[in-house]
Ligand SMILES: Cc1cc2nc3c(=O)[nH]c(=O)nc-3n(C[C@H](O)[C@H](O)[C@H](O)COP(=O)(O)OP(=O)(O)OC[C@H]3O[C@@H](n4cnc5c(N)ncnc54)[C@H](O)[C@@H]3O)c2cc1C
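So this first bit is one chain, no partners, the form predicted on its own, shown in structure tokens.
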């Protein structure tokens, strides 16, 4: 059922077997997986069923490290996550693919690499996660998707570079999609407008109650046998740091690991390319739709498309980090680029790339997402200002290094060289010289922005690095409590009845977009809680 905490008398105490804090991808998946298990569940959600400015303001804070931005646009902290039913799935682009095997390995030359679980450990949970994120299945094989789409992956590949597939779910707003199930449930109660302000504890070894408050000043508590923190990579750390009943440094923070290792995906608008093939041969880069044949979402259509990335072998050999590149064909007319205002003209791109003909067959823009190395000084902390509930606001000190920037450039060059070696075409890397013209075009369910290039503005030392709104690694999963915050079952090392869900538990960020793995880990955690509590 859905209830509104604003209707409670102040001082109310509620209880359940499991209390889940947060109703985004992780929290809703966990609740749906526990539904009908025999366990009673209370889910606490800060917002309502739609965005509300006063509630959204609780996500505001100060960014004191690297600038948060997307191409040509600064980003505020409160724009990177959403506080209402469904959480940040309400602006999720829907890209799904699993982490790679190398993401789980200890990698020479990289600080704090590897997970305490293996890639194979997550395979069955990625399979089950497909039902919740609303894609076909857990098979991401190229051959499979070339057959399903009737389209070819880009013919670019060697020991260093390979094509891969995204499954695209759109739109999959968890609050909207699963609201009716949650409303009808007799054993899961979602309490809206319930802002958690403290995890109460007597000795720091166990949570005794969650203390929550509405913006109208109503205070209430929830007790449970098990508590799960599922509020995202920033808010998970914020709540732990704010819960100071037993220790001024925060709950479960005796080793000063809560909030450290904050990681983002480094987004770079890298340049342009010209392909020797026409638009028809490049159709796999834009992708197409398929119909889900069976299961909860049978009959629903979703997309899939191909992109390029560095191979695991290359990452091992070079002790480097992951880079993936989308090649956005954009708005083409009969195989030739549209001459939109503000976009570099066909002949200009041809001359830029030294193409042999005045008009290339096709033009693509290059958009990259890259992994950053973990840095313990990149962290979520608390500022001095407080919000409307009295909690201290977030202070984010996001850091990445010159080495991270160099690895991005190295990965881009490796992919561009592979395209040339394969005879696919030529790529021109122009980091720092790419600009958006703010025209969005709906192509296969995805909004594509047209770009322009100013080659004279290339800046290899200070090109803009954007963010993916992917907040990771602030409560890392580790075997060693001195290196992280939760154990391989996602239970806090130092708090017996508190588990953490979401990308804050990622041991390393990898380069794959995180939501699909967030959901897989939530499915795995639900199984674990049932084994512990039933």
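Since we're looking at a predicted model, the values are computed, not measured. Numbering follows the first chain given and starts at 1.
The following text describes the form predicted in complex with the ligand, which does not appear among the structures shown.
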Quick one: 80, 88 and 514 and the ligand in the predicted bound form, is every residue within 4.5 Å by at least one heavy atom? yes
Stretch from 473 to 481, 487 to 495, 22 to 30, 60 to 68 whose residues place a heavy atom within 4.5 Å of the ligand in the predicted bound form: 22 to 30
Heavy atom within 4.5 Å of the ligand in the predicted bound form, from candidates 209, 93, 152, 215, belongs to 93
Please tell me which of 315, 196, 328, 224 lies within 4.5 Å of the ligand in the predicted bound form, judged by heavy atoms. 196
Report yes if any heavy atom of residue 46 sits within 4.5 Å of a heavy atom of the ligand in the predicted bound form; otherwise report no. yes
Examine residue 231 and determine whether its closest non-hydrogen atom to the ligand in the predicted bound form is within 4.5 angstroms. yes
Just checking whether residue 306 would be counted as a contact of the ligand in the predicted bound form - the rule being heavy atoms within 4.5 angstroms. no
I'd like to know if residue 518 sits close to the ligand in the predicted bound form, meaning any non-hydrogen atom pair within 4.5 angstroms. yes
Using a 4.5 Å heavy atom cutoff, which residues in 464 to 483 contact the ligand in the predicted bound form? It's fine if the answer is none. 468, 469, 470
